[in-house]
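Below you'll find only one chain, the form predicted alone, shown as structure tokens.
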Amino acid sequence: MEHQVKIGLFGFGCVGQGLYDVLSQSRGFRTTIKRIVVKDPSKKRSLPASMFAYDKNEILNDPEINLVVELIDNAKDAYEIVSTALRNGKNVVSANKKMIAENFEELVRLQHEFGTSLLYEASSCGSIPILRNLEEYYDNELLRAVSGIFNGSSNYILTKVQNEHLDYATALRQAQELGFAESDPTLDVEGFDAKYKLVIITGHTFGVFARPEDVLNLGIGNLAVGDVEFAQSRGKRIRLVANTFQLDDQRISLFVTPRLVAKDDQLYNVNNEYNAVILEAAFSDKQLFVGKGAGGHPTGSAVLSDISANAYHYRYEYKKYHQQARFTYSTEIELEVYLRSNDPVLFDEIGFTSISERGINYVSGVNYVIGTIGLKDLIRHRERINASGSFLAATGEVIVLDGSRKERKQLSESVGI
């Protein structure tokens, strides 16, 4: 049965304004935003000043407010708000993927201890309802892998650079002007945003709460024209792809890197600010979800969906986490990668287990190798790769390590997508 929802909203930026817009136009669901807490009293707002407050306790200590909607940028402040609300008996809706990924297991514990609910569909892949599907439709399915384009900002930039031949700086500036990327785009273009979403999705797919700092993320910040030309010469495009997949009946792995995708790959024609999620399961085979992954209104619509679900007492059950046979996170894999760098020492010291191709593009001055390297080595050297201006993209081939045995697989086949 639906219950009356009175909302206390934290944040009125792009997503907060987007939520207000979609909420005001919703015909099937009515609720009340009693108070909006923001940080800057001097900033001009589109709503009357009486709607706003500047003390978090005006929401957290208000007994009439039974749903806290947290839409701020600062992960530390967001955790304080969310954890306090849960302890105070208030249900919460959040879009803060960094905060959730960094405190995932603790937030699950708090919900169980205090009998409250935290919903966060908007934290993962914008308008695509991936978490609800994982929790409900695929709750008893044998999931093999989830992967895809999880960041609309970086995908917009890649589309403009590859399809319209814009330079990287111009494409980034356009993304910022459209509200797809922040003034500091690091979280988007370096793969952190996609990694936080991947950690959350992995929790609902395999019941594993991986620590973000233990998961590899390499982004597109060092992308150069020569990298695009190389991909095009092989009939491929570059996409920033997140992957979580089974290695065997006990282990999973996950990482975020650019990937060279071929024309027959389902991600090849996913353009602009769109996200795409591909699920691979034992019985239902592959499913593709596509939707806008950046912008206030797409994310606001996902927040509204969680607000509506809360009104009907919906909560995540974390069924995969509570199963007795649990997976563990493993880095015992090798990836085949394309690595471009003007630092020749990097090629020798990064830890390649084999190199199948070396090349120099004398027009662009690009020096590159294609070879296999352990995921552990990539995690260890990721800061060096970024600092040297080098660019790395996975080719899609994974080598699963099992003792002395190595098994080669493609991310488009039975391991990954």
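One-based numbering along the sequence shown. What you see is a predicted model; the values in this text were computed from it and never measured.
Omitted here: the form predicted in complex with a small molecule. The next part is about that form.
- At least one heavy atom of N151 is located within 4.5 Å of the small molecule in the predicted bound form.
- Contact annotation for G191: none of its heavy atoms lies within 4.5 Å of the small molecule in the predicted bound form.
- Among residues of the shown chain, D167 is not one whose heavy atoms approach the small molecule to within 4.5 Å in the predicted bound form.
- Looking at E182, you'd find a heavy atom of it within 4.5 angstroms of the small molecule in the predicted bound form.
- Proximity to the small molecule in the predicted bound form, defined as a heavy atom within 4.5 Å, singles out one entry of I201, A294, A276, L335, which is A294.
- Here the chain stands by itself, but in the predicted bound form one stretch of 283 to 291, 212 to 220, 191 to 199, 306 to 314, 191 to 199, has heavy atoms within 4.5 Å of the small molecule.
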